[in-house]
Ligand SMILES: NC(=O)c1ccc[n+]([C@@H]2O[C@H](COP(=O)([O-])OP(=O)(O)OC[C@H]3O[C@@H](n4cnc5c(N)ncnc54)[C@H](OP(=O)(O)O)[C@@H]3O)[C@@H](O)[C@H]2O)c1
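Only one chain is included here, represented as structure tokens and corresponding to the form predicted alone.
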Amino acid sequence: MKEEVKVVLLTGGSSGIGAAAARLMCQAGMTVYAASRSGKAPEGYSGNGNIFPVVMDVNDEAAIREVVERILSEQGRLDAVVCNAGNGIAGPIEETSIEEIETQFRTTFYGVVKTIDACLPVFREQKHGRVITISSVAAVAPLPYQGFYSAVKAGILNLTKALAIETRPFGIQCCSILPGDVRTGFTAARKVALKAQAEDSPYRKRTVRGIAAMSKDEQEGMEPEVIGKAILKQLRRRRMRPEVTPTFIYSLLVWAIRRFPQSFVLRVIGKLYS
């Protein structure tokens, strides 16, 4: 029997993909708790509907638990969690410090784990629940000068698939969404490793060219509503798909990357971004 999704916890809900997803879910009649560090209402939200902006840092386990408890107190249920919060660090692998790597993993990977862990006991007790994570095409197309971002997104994809196996006996469904290039504030917010910015860096020219090419593709990419619609579609399905790559072009690209010889794939990616 299909359990209707009525109440959703969404991280990274104030802007970009998160804001678009919050608006679309609200329009579909869902109650959305849009969490972010700022606690601001989602961009473009008119105030008509059931969106509750909440302050929540995905690095803070206590804060996550408090929000989940608030949702249960106010709504009596929690049907789905959408893990969208994340950040980006660019730079060659050799010149990215451990501290910078940890910052990438802390929010974008461990933040996902902490958020999911806070929701799973609720889902198990209800005997239903849905987990959607936001991975990336970069999970299967390793990007030079964004190697750690690619690694995090690959980790999220496989974590979600493993979780799907573990939690299926409890009536929990899991899906990972793989966006391609999306026009959001993520591009401007991306940090560059400090060592890579030095004039004497052996990687500097290639790093600058690579990041410029990626930034151009992102800012010419799809609107965040495309990803928001993909999220909503899965929440409405009787059975969510384990993995979704929105748009035909990007789904074809992922298919090709997984089937072509990897030496060829890496050469092509290198020509595009290195």
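Bear in mind the structure is a predicted one, so any value in this text is a computation, not a measurement. Residue numbers run from 1 along the displayed sequence.
This protein has a second form, the form predicted in complex with the named molecule, left out of what is shown; the following refers to that one.
- Residue-level contacts in the predicted bound form: of Val131, Ile134, Ala90, Leu78, one residue has a heavy atom within 4.5 Å of the named molecule, and it is Ile134.
- The partner is absent here, but in the predicted bound form a heavy atom of Arg37, alone among Arg206, Arg70, Arg37, Lys233, sits within 4.5 Å of the named molecule.
- Residue contact with the named molecule in the predicted bound form: Glu225 places no heavy atom within 4.5 Å of it.
- Taking the partner from elsewhere, Pro169 is found to have every heavy atom lying beyond 4.5 Å of the named molecule in the predicted bound form.
- Within this chain, Thr31 is remote from the site of the named molecule in the predicted bound form, having no heavy atom within 4.5 Å.
- Not displayed here, the named molecule is approached by Phe186 to within 4.5 Å at the level of heavy atoms in the predicted bound form.
- Contacts between stretch 236-263 and the named molecule, counted in the predicted bound form as any heavy atom lying within 4.5 Å, involve no residue at all.
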